[in-house]
Structure formats: C-alpha cells, structure tokens
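As structure tokens, one chain now follows by itself in the form predicted alone.
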C-alpha cells in the first residue's frame, strides 16, 4: 500500500513514518506539512492507496482536504482531538480515526482495517461494462450505460434504468464501490448518478431523463471538477 502523510507537525510525521516502516506492505512515498501541497501531488499521482491525515492544520482542515478531492484514497485520520469521530465516519473514504499519541497496537488495528477496506474495494475497471445484481436469487446482468441513477432506500437501493427500475438488497456504498468512478458519482447521501446521463444542472438540482435529483453542497465542487464546462 503506497501512502502519504499529511501533518503540520514534523514530530507527528516522523512517528507515523516510523510506524509504517514496521510493515512490508506499507510504503511512505511522500510527506507533507500542508494539505495544499498534498493536493497538488495527488492530482499528478493517482497511485496513492492511503493518506494518513491530520484533521487540524492551518487554514485548511483535514475535512476540507477530503472534500476537495473528486476521488479520495483511503483515509486514516490522525488527531489529538476525538470530538470529530462521528463526523469523520460520514465519509466513505475514511477507514479509521487514530487519536494521538498513537500506540503501536492501535496502529496495527488501523493497518488491518486498511487491508480489509482495500481488499473489499473492487471498483470495476474501465474495460468492464456491466455487473450482475442478485434479485430474488436470480443474477441479472446490468449494463452500466443503461443506468440513469441509483437511490438509497435503507438496506436496499433502487436502480433507475432507461426503461425500468430494479430494487436490490444492498447498500448504496457497496454498490458504488463496484461501479467505475469515471462514470458514476455520488451527488447526495442518497443518490449516485451516471455522469453521461445528466441533462442539466441548475444550482443544487440535477436533471436526468425527466427526473430531478438534489445535489449536495459538499458534492457540487467535486462534480464541477468532473464535468466539462465551457
């Protein structure tokens, strides 16, 4: 797992780097004392698997950093403040929350979580054009180019196709991880849309095939970076 460390404190970066050295599967490729420099690095290097990220940094918080990335890597938050734990796990990319000082035992648990998260994250490649969904014990082929949008409904998702809709027993998060990130984007906590199917965007509303979907304030900047705008 290739990782970077972002922390404005040199001592904190050194501690995490030292902890990483104890694992053959962890390779620290770069360290940063500010989030802006890290963003520029990630924009040019898309092979980073993990970011060890401090929440509190001057002028730019860890959450600001995550929200600025269209497709963030797996994140392990490192902080001396535990009051943001609940907020942290609203982000699908955040795998763990480490409170400083970080013990080796606690770091081991974080590494295990990372390994499991990366192992279970199987995004479809650009060459793949479909997946199979299980509906009433029947596997149904689902072509990506036929999907308009996907809506979360508790333990189920509603997949809106061009000519019908399907209800599948899974979570929005699980399904999204199987979809190509260059084609699908989560615009709201409850909605994922096919970027190619968007007809128009007006303020915080997306229109697709006569249906309108809410665009969250957090998702809007990311979406604007993904689509071509003249």
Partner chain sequence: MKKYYPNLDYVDDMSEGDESFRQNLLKIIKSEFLDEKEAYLNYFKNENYMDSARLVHKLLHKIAILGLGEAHKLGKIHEEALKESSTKFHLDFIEIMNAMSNFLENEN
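Numbering follows the first chain given and starts at 1. Being a predicted model, the structure only gives us computed values, none of them experimental.
Although it is not shown, the form predicted in complex with its partner chain is what the next lines describe.
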| Would residue 14 sit within 4.5 Å of its partner chain in the model of the complex, counting heavy atoms only? | yes
Contact label in the model of the complex: residue 81 to its partner chain, heavy atom within 4.5 Å: yes
Original post:
Does residue 213 make contact with its partner chain in the model of the complex, using a 4.5 Å heavy atom cut-off?
Top reply: no
* Using a 4.5 Å heavy atom cut-off, state whether residue 218 contacts its partner chain in the model of the complex. => yes
Only one of 69-77, 85-93, 101-109, 145-153 sits within 4.5 Å of its partner chain in the model of the complex by heavy atom distance, namely 101-109
In the model of the complex, the residue from 189, 169, 40, 56 with a non-hydrogen atom within 4.5 Å of its partner chain is 56
Checked 4-36 against its partner chain in the model of the complex; residues with a heavy atom within 4.5 Å, sequence order, are 8, 9, 10, 11, 12, 14, 15, 18, 19
Evidently the Cα separation of residue 37 and residue 217 changes by 3 Å or more in the model of the complex, so the atoms lie farther
A change of 3 Å or more separates this form from the other: in the model of the complex, the C-alpha atoms of residue 36 and residue 216 are farther
